[in-house]
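A lone chain, given as structure tokens: the form predicted alone.
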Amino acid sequence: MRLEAKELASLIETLRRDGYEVVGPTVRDGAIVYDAIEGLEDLPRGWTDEHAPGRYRLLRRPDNALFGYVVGPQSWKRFLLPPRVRLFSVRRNGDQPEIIADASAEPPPKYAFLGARACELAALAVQDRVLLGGPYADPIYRNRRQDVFVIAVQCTQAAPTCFCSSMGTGPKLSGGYDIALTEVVEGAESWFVAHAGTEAGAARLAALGAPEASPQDVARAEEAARRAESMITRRLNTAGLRERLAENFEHPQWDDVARRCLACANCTLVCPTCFCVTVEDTSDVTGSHAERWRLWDSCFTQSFSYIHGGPVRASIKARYRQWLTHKLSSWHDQFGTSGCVGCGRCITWCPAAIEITTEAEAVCGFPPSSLRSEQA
């Protein structure tokens, strides 16, 4: 199906009318972030992003593409696994505590995600496996995830930090969406080739009454998607990676990266799959009201591994090693998949310009798949 911008605007409008909070890309604070949008005017029309290790900049495009960027600092986990959520509130009722608010009982938002990329859909699948699989499903994540409607957008460009092709997660869309869009820029404007991934998506597209895409339209869209594939230059050698990381626990590269790492936790906060949290209890000065909050945490904070007597991982070396080996090695043992989708956010948003691909291959003794950045 071929959609013009007006049909996309109509799709957003009907989703909002049906009770969805439409979340999509928008420009704010010098970055492309995900937030509630009301229409096309909120999208980053004519903007693109420049990525490098430790560097991110917004730039103007020569055209008015609506989705002409790669990825920003945020991922969809911000909405499904909120950075800060109150688990419950309790107040004193005589001599007995009384629960007055319970997060698992609150009605969740009904989200429609607009603009999800292939690596991000892979990250959602990883989070589903972690937080919904097994006997201990997270009720807050489950409630927020169950009614999500996903409108994915095919990547038509890539950044020097992208390595999704090495992880088998992109850049081409392969599933996990209700509707997939490929933007074709033509002169000052753009249009889309759309196809459905679910019955719900097919119903939404049929309601728009847009014409079928011609073979020429489809060819133009496929050409735009191939352009993204050809732009990916960063690679990660994954052959034997899981085993060799586990075998090289005392490799000198861990000391080298520890001297550069600031333990700021940026990499875990921007990562679309990291899920570590902590719990914080608060009370008022009278002792009659208390709350329990769940907050994002990181394996890079010293307090995260604290047990009676002190932290298990006191050094930056130990904490970086924990993060990288869990992400690329022991995650397989826990969840049957890698914890990395190759989005490159941890490289872009690391203030020390540390590159996970370079560090992993150095520890494993692999020849580098891509040149180390001059900034690293």
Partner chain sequence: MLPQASRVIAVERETRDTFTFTVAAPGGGSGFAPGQFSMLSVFGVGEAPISISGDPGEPDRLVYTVRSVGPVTQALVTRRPGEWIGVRGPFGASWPLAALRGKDILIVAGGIGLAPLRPAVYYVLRRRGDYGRLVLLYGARSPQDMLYRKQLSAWSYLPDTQILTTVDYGGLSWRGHVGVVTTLFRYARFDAQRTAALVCGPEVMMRFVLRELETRGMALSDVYVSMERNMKCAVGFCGHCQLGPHFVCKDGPVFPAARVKRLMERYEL
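Keep in mind the model is a prediction, meaning the values are calculated, not measured. Positions refer to the first chain, counted from 1.
There is another form of this protein, the form predicted in complex with its partner chain, and it is not shown here; the text below is about that form.
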Legend entry - Output flag, 26, 70 and 257 jointly within 4.5 Å of its partner chain in the model of the complex, heavy atom basis: no
Inset, instruction - Have a look at 30 to 38, 344 to 352, 316 to 324, 52 to 60 and name the one stretch with heavy atoms inside 4.5 Å of its partner chain in the model of the complex. - result: 316 to 324
Inset, instruction - Determine whether any heavy atom of residue 110 comes within 4.5 Å of a heavy atom of its partner chain in the model of the complex, and answer yes or no. - result: no
Inset, instruction - Answer yes if any heavy atom of residue 282 is within 4.5 Å of a heavy atom of its partner chain in the model of the complex; otherwise answer no. - result: yes
Legend entry - Partner contact for residue 305 in the model of the complex: its partner chain, 4.5 angstroms, heavy atom: yes
Legend entry - Contact label in the model of the complex: residue 293 to its partner chain, heavy atom within 4.5 Å: no
Inset, instruction - Name the single residue among 269, 236, 131, 121 that comes within 4.5 Å of its partner chain in the model of the complex, judging by heavy atoms. - result: 131
Legend entry - Heavy atom within 4.5 Å of its partner chain in the model of the complex - residue from 276, 185, 231, 224: 276
Inset, instruction - Could you list the residues in 127 to 142 that come within 4.5 Å of its partner chain in the model of the complex, counting only heavy atoms and keeping sequence order? - result: 130, 131, 136, 137, 138
